[in-house]
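So this first bit is one chain, no partners, the form predicted alone, shown in structure tokens.
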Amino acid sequence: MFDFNIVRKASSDYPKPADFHPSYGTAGFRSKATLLSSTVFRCGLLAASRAILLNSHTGLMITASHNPVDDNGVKMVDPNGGMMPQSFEAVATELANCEDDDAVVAVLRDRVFSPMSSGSPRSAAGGALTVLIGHDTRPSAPSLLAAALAGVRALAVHAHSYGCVTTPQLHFLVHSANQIPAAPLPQLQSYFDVIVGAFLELTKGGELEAAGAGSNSSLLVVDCANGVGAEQLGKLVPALESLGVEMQLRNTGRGGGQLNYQCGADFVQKDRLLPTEMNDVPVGSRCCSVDGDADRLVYFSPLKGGGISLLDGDKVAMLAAVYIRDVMELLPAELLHDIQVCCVQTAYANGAATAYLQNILRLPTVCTPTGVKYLHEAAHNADLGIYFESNGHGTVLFSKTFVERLKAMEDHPAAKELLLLSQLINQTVGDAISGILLIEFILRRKRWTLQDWQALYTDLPSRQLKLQVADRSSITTADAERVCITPAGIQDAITRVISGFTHGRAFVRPSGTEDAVRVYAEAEIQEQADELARLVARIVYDMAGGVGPRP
């Protein structure tokens, strides 16, 4: 049996702040860093518990992704490299909200461990059970790492810190750690060996060296959001240089820039502005932005007179879908028998992207609620599932069945190419580094410029707004967040407003990562999208108890 007295004593060093009520959401727990020590300690307990219950290594990532630098957060990684099951989120929330040490022990004993599973920590595939931990570049990371380590060790489970790594790298390493019985924990280099190795194999022979025509066609300028991506992306520079691609890193954190402040994928995607430190980049250059923990990616090009031409997650999904469709058309028909392909989107996907998928590519589409956990699960239901949220978070998942069929016909060039693609693309979670390599490969394979890519379809103008209300939980939704259920009558009011706009579409939803309500609107021209978003925001403000100035 466990010595819960050790847990109780360790817990006493990490009391929960009064009036703090964390909730495990789309991105795990996330709040002001000063409030999170108890939450992260308890997540250490929970990650250790799941390692024991599953007899496997698990993971913890300490990050708040695209949030401001004063925030932080923590998310749990299961042995397959994926996210903790949604069915366990309520237990995580209950544990995080325990008011005292006795309650922490009670939840662990009664809600996490059953009498059949209680006992001493076992070995994972022949080696010691370990919780793998990573964190981003936030100043609060060291103290929260200490809390996580204390939580893991309170249950006599080993903990291993990889230090400052990207979220996708930590997911990859947890998955790798559970693949080979009794093997040592994987080194970070193994991530690059697999992903960059596949990229180099795909581009072997130099036939892909020429990108699309135009000035600066070999230059890729990367906005690193002053986050952890800068150091990890720097390791790619030699590999890309060998193929004639110059990767120039900006907002690396070394120039005093603040994490995610006026830079990063979230800023670029929502504000449609050049990141700081990039005003000198020539018009038409190939640029991209990652976010603070490098799991999101958008491309863009500076425009004459200011502004950018944005290629967001929708455009990344379409680029991947076009390329994969072209390769799959070269496969023998027997290999594709009963193989299901789909593209997963959320309500945030631009209406023009959905129309392109359905009318031009003729690929099945699925719409899920916002949040990678929903998209990832839906993509896993297909043999080849493509998903990228418009914010740039996504990946392409290959089923075991499809991979085995490809391996059986590995001598076929198209089958070999798709196999290498399944290694190039991080199969555990959305990954900005993997995404950059994917996009650079496809653009060079097709000899496309960003303008060629942009021309696949024209986005409908859109606008996103964020506003505070007295209680964001008063906003509830259905139909993958496309319909607002409460407050009563709010959807009817929104529908009436939408009817006055050509190609109008709008929805509202409570944020999964911030204490706010988000508004999204589309229309035929930008001015109409702006006005529709403003009118819908006013409805939310009036009917859900808005806080601050009325939109």
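The first residue of the sequence shown is number 1, and the count goes up from there. What you are looking at is a predicted structure, and each value in this text was computed from that prediction instead of being measured.
The form predicted in complex with a small molecule exists for this protein as well; it is not shown, and the discussion that follows is about that form.
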Is there a non-hydrogen atom of H158 within 4.5 angstroms of a non-hydrogen atom of the small molecule in the model of the complex? no
Within a 4.5 Å heavy atom cut-off, is A27 in contact with the small molecule in the model of the complex? yes
For K270, is any heavy atom within 4.5 Å of the small molecule in the model of the complex, or not? yes
Look up in the model of the complex whether P487 has a non-hydrogen atom within 4.5 angstroms of the small molecule, and give yes or no. no
Per contact check vs the small molecule in the model of the complex (non-hydrogen atom within 4.5 angstroms), the hit among 6 to 14, 536 to 544, 523 to 531, 19 to 27 is 19 to 27
Residue among Q232, T370, T395, S462 with a heavy atom within 4.5 Å of the small molecule in the model of the complex: T370
The small molecule isn't shown here, but in the model of the complex which of E389, D71, E440, D78 has a heavy atom within 4.5 Å of it? E389
